[in-house]
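First come two forms of one protein chain, each written alone as C-alpha cells, so that there is a structure 1 and a structure 2.
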Structure 1
Amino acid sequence: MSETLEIRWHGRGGQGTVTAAKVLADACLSGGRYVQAFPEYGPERSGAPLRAYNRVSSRELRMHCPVLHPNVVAIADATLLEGVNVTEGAKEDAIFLVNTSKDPSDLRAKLKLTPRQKVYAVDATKIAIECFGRALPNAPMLGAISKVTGIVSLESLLEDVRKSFGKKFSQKIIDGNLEATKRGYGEVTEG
C-alpha cells in the first residue's frame, strides 16, 4: 500500500454507503493508522447519487477536502455508471470495485480503464438479499474492499461490522451482515 490510500465511494442515498465508509475507517484504525471518513453533503434524498470518502494513512492526515485522485473507487450501485463519471481523477493504477451481476471483463471496456487500472465485480445486492433480505450492499462491498485492497483483514472488518451494527440491529441482522461481508470477500472477481 502507498503511504496514503484514498477511496471514493459512489452510492445512492439510503443504500448504506456512508455507513460503509464509517465502518471501514473504524476497522482501519488498527496499527496506529490515521483514518478519515466523510460524505459529500448535499440535499440528502433517498436514491439520489452521493459520494463518500475514506483516507487511510500511516501518517497524520491533515488534508480536509474531498478525495480528488482516488486509489480505489467503490461503486455501490451499477446504475450510477450511466450518469456519473466514476473514473474522474482516478489514479493511473486505481482499483475499481463495482456492485453488479455482470461479468467484470465487460466493465473494463465500459469504464474505458487504462492498462494499469484494475476492475473487480461483486454481486453485493444479491448477496445482501440472500443473507438478510434487504438490498443494502454495504456489507458485501466492505468484504470485497478488504479482499481487493488488503487494507484491513477480514477478521478486523468482521469485528467492526459486529460492533457498528450491534448498536442498532437484532442478532439476526448482525449475523446476516457478517455472512454477507464474508461472502463479499469470497465472491469478488477480477475483470
Structure 2
Amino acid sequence: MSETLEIRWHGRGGQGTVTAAKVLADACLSGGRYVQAFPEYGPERSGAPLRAYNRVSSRELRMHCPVLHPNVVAIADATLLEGVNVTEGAKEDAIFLVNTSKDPSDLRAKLKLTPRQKVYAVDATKIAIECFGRALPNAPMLGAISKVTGIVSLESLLEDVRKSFGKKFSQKIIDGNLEATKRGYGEVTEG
C-alpha cells in the first residue's frame, strides 16, 4: 500500500465506534503501517451521533485533521442515514459499509452513489447479539472492514481484538467478539 487510506466512521455513543477505530489502528500498526485513530464527538452522551477517523499509510502521517475525503465510510448505525449526510466529501471511488439487514443494492439508491462507489452491508448488530448477547456492532464491522479493504489481515485483526478486549472483558466476551469479527468478515455482502 503506497497511498494513505482514510476511513470515516459514523456511529452513536455507546456502540463501540471509537473503539473500532482504535482497534483497527492497532492492527494496522502491528502490520508495520503508520496510523491515526481519533474521535469527533458532539454532545457526549450515549446514543448521540459521533464520528471517528482512521488514517493508514505506508509513509509517516503528518496531517492531523478530520478526514474530509474518505476512501471508506463505515456506518455502524443505519438510522444515521436519515439525518446525517454520510456521503459528504467521499471520494469518487469510495467504499460504503453499512450495518444493516437490508440488501446493499437498496442502499446504493438511497445513498445516491456514483457508479464507481461501492456499497457493502453486514448485519453487525444481529451478529453481535448472536455472538455475545449485546447490540454492539463494532467487532463485526471491523471484520467487514478487513474484508472489503484488505487493509489488514483477518489474523492480525483478531489478535488486536483479543489484546484490546482482553484488558476489559471476560474470556466469554472476548471469544464472542472474536467470533463476531470472523462472522463480519464472512457475512459482508456487496451491492
Partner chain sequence: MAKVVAVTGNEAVANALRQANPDVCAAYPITPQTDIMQRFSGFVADGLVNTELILVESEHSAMSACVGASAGGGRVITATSSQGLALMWEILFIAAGDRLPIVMPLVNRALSAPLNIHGDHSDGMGARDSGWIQLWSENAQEAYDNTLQAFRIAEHMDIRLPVMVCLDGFIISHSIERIEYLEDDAVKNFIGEFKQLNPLLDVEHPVSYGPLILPDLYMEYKRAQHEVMTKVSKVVLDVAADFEKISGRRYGLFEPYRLDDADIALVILNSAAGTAKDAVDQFRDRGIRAGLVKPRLFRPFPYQEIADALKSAKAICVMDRADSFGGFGPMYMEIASAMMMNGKKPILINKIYGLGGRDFLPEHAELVLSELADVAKSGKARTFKEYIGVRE
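Numbers given to residues start at 1 and step along the sequence of structure 1. If you superpose the two forms and keep the largest set of C-alpha atoms that fall within 1.5 Å, you have the rigid core. Just so it is clear, the model here is predicted, and its values are computed rather than measured.
Form assignment for the chain places structure 1 as the one matching the criterion, namely the form predicted together with the partner chain.
After superposition on the rigid core, displacement of the C-alpha of residue 133 between structures 1 and 2 stays below 2 Å. In the core-superposed comparison between structures 1 and 2, the C-alpha atom of residue 150 has shifted by less than 2 angstroms. With the core held fixed, residue 58 shows a CA shift below 2 Å between structures 1 and 2. Structural comparison between structures 1 and 2 after rigid-core fitting shows the C-alpha of residue 32 displaced 2.6 Å.
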